[in-house]
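Two forms of a single protein chain come next, each set out by itself as structure tokens; they are called structure 1 and structure 2.
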Structure 1
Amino acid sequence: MLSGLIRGKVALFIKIALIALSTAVLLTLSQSAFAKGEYVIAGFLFIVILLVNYTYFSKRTVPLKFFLPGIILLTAFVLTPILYTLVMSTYNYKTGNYISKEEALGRIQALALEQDEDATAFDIVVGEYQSSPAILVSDINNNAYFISTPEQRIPLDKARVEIDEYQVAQSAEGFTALDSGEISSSDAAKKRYFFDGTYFIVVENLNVGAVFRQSLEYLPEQDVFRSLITGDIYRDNNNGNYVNENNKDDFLEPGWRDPSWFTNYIRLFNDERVRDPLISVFIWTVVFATLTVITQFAFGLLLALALNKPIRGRRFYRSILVLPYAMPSVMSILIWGGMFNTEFGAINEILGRDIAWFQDPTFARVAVILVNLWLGFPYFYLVSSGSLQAIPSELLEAAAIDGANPRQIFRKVTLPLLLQILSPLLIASFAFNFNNFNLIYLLTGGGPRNQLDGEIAGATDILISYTYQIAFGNNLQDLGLASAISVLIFFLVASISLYGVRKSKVLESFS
């Protein structure tokens, strides 16, 4: 009925309106991205605008009309993150090396300050002198007062300065004080004010200024920093930092993002601080994903076989078994975390023990497997129940007539057919649990781990949670190394999944 009404000019008008609205939204986003310097995003959105208008206004692109939304979403949310992660894995991108080189140069020069030997500080008033930013300085110890601008220092006669009861100058001829709001809206507090030929005054807060000198000088022709105190030269080490020629452990901060090419990948194999925990985490990840799939599938199949027979209350039992799957996993994990609590958890109360579930590596891993079993068995119960219904009863009857007992029928007929049907789901479940971040993060946090010894990898950390710890979980955030591990995880999961699909021969039915 509706398709019969929306035809001709009405359908054309609706199409034009929707495409115009989409174009307007994408164009606005593109302009915003361009204004913020995100040229790649702006370019991508502009290309999407062209593709959308060409595809839906052309009569030669009928098949593409159906595929274009999926292609755009696949590119934006799958291919682009993968490509970005791959690029970032080739950079020295970590704490102290976040910004660009241009920004780092400015920050190094701004931070390269050394206070004078006496740690001299003055009471000041921030304002303007002859329309130039200036400070009114009170040198109470020497009973002297002066105005300092970025270019000069102007001594003042005490008799011509308005002084409060604390001997602090508040105003002077030609000087206009600024209130806090005016200071915040200007750059007066960020200026360096002249003190003598070497030192200058820096505004530390609205009422105090301290005397500093520049400790480093940047020589742009040579792209080096020279220490004005020791004369040492700091050169670009082509890895995102300026390093002292005479001491490789002495480098300037902050650094910048700099291509390191395969350095992060080499660290995965050569740096024992990264390699050793990575190997142990990888082994536990494979064990965790494998045990999870086996236990969930076995328990779900057992329940499916039990409820496949006509028994009283079967519908009620099936409804109860699906409840864990219907409940949000985040809530279930947090509830189980409370139940495993050592002091007041329900599990220790039932067992009459004080088991430190999350302080002992073995118990923590057992807890993780048990909770994941609870979360996953309803899914395998549902798919196993459906698969059992799909197995022709004639095959089971023929096996029984040939003299096979129930165990032999299950082992020789039912299970092989189930595995053939469910192989893609088992592989998908393995891939999901290989990256089951929520369970590990919410239940154990990857622990237990010895943080006093600087351990990053915990006993229950899997590769994805270990990567999170490297990227965000401690004071030294190494995003480049985390990206390299993410790329490694991608290829591992892809390889294992492809191997499983080929071994199960599930794709042969499509050939």
Structure 2
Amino acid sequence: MLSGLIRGKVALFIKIALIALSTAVLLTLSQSAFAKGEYVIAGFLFIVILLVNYTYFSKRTVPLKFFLPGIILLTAFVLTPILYTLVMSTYNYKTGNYISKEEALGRIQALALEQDEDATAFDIVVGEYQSSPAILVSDINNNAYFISTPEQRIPLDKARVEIDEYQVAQSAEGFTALDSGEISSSDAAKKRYFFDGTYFIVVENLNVGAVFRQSLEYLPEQDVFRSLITGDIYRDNNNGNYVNENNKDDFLEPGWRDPSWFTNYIRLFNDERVRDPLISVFIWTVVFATLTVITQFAFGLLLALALNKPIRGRRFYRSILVLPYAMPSVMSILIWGGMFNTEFGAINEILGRDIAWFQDPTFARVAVILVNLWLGFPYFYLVSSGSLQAIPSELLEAAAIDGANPRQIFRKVTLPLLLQILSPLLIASFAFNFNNFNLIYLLTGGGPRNQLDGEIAGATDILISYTYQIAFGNNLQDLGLASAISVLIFFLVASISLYGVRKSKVLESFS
């Protein structure tokens, strides 16, 4: 039916319509990206437009016609983030060092304020004077009034100012007050208003201005900050901060993300505050993945052996046994989390105990393995029973004729053959559990962890959840370090999986 319709002119029309539509949409997006200053994205979209039109109108790009949509999405949302992560892993990129150097320079200068000795503050009104932002200042102590613009200060005769009962000026000739809406939509409250050359007035809130002076001066030629008060020089330490030449612990906030090349990688091996938790998390990750595969496989195989004969009720058993695997795993994990709850969980109630499952490292680990067993044994039951059927019965009969008992047959014939058939799946399952983020994150959150010590690695944290904590946790966030660990995990998982792929000979089928 469909194939009959999509033919000749209809197909051509649909093709042109689709290309025109996508070109129009992409072009609009590209334009608005360009208008907002997102040049990289605009450029990417523009290249996509060219590629789409070239690919689908040219006759020489047959394979690309099939791949292009997939490749574009892959590049935008998988490849680019991966490359970005790679780049980040060579940066000093953490809490306090998030922004670019230009932004940091601006912020340091904006923050480098020192109030005058008397902490002078005035009642002010924010407004405009001669179409420039201005404030109307009441210096009540000295009984003086003036208007300040960013450039100058205009003294006012008290007689020409309207004053309220508290001696605060409300309006003056030539001065237009702004209401709070107008102020927040303009940058009038962010300006520095002239006071006496050194000092200036900063708008503290809509009615109060305080007198400050700049405490740091930026010297662009040398790329240093000089303290206008002590004369100390703050120099770029090539690691994302300006540091006082005379005192290494005195650095200016905020810092910026700075290329630090392999510092993050070196920290993985040299900095013991990074290395020691990483090693213990790594060990637990391997133990967790290994135990998971062994328990899931053992129970799955036991079931497969038990139900390998057409006994009564086999179909019934089977339909119940796949249920854990059929359930959405997110739901199952959350349900188990509730069952392990200390006060109102079912498990403690059945055991008649008061075990704080997720507060004790050993219990938490047992719980994680148990829940993962529940989630995964049906998978190995299904694949084992499939593979048991694939073992030629002649082999087993031959072994029986040679006088082997059932136990010997299982250990010497069935199990080795099964392991050989299933080894790619066992390796794939190991690799999957090595990165089983959902389970850890949703069940224990990686805990228990000693938060008082500022510990980031919890007892059940596996590498991936630990890295997530480093990057997005509640403590100090260190994206640079997290990215470096991601790259490390990538190499670990890639080598495990490549080993599995070699075994399963998947790649050969593509050549």
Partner chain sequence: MTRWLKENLWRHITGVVMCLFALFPLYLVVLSSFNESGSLQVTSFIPKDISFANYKVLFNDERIPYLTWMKNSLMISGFVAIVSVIIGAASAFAFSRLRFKGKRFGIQLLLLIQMFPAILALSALYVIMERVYKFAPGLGIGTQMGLVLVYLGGAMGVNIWLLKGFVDSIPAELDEAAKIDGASAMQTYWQIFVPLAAPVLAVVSLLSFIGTFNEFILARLFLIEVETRTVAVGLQQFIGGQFSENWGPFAAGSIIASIPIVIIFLSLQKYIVSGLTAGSVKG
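Numbers given to residues start at 1 and step along the sequence of structure 1. We call the rigid core whatever largest set of C-alpha positions still superposes within 1.5 Å between the two forms. None of the values given here were measured: they were computed from a predicted structure.
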{"property": "Structure number of the form predicted in complex with the partner chain", "result": "2"}
{"property": "Residue shift check between the two structures, rigid core fit, residue 442 Cα at least 2 Å", "result": "no"}
{"property": "Flag for residue 164, CA shift 2 Å or larger between the two structures after aligning core", "result": "yes"}
{"property": "Residue 247 C-alpha relocation of at least 2 Å between the two structures, rigid core basis", "result": "no"}
{"property": "Core-referenced Cα shift (Å), residue 55, between the two structures", "result": "4.7"}
